[in-house]
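Consider the single chain below, provided in structure tokens and representing the form predicted alone.
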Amino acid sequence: MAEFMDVHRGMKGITSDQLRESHRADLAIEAEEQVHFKQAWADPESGVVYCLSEAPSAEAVRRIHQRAGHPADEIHPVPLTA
């Protein structure tokens, strides 16, 4: 399974409760695409949210985020970690 980092823009002012709610929406349906969302981070000032996931493809990540109501603006493979 590959890892992906995706980016959501335009979420200025997001709260920790809203971030948790969005993450839970992904977790509720992730198994349908064999995706696992591992972590989410947000910068309320800039409105940027990052999500780390394991998935069979970037398209699987894209479909889950779309269905959960917060489409990703970018999805990047993460082939190396330390």
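Computed from a predicted structure; not experimentally measured. Numbering starts at 1 and follows the sequence shown.
The protein also exists as the form predicted together with a further copy of the same chain; that form is not presented, and the subsequent description refers to it.
Although the partner is absent here, Ile14 sits close enough that one of its heavy atoms falls within 4.5 Å of a further copy of the same chain in the predicted complex.
For the chain shown alone, Glu74 is a contact residue for a further copy of the same chain in the predicted complex, at least one non-hydrogen atom being within 4.5 angstroms. Remark: Asp43 counts among the residues lining a further copy of the same chain in the predicted complex, judged by a heavy atom distance of 4.5 Å or less. At the 4.5 Å threshold, heavy atoms of His70 stay clear of a further copy of the same chain in the predicted complex, well away from it. Contact annotation for 66-82: residues with any non-hydrogen atom within 4.5 angstroms of a further copy of the same chain in the predicted complex are Glu74, His76, Pro77, Val78, Pro79, Leu80, Thr81, Ala82, listed in sequence order.
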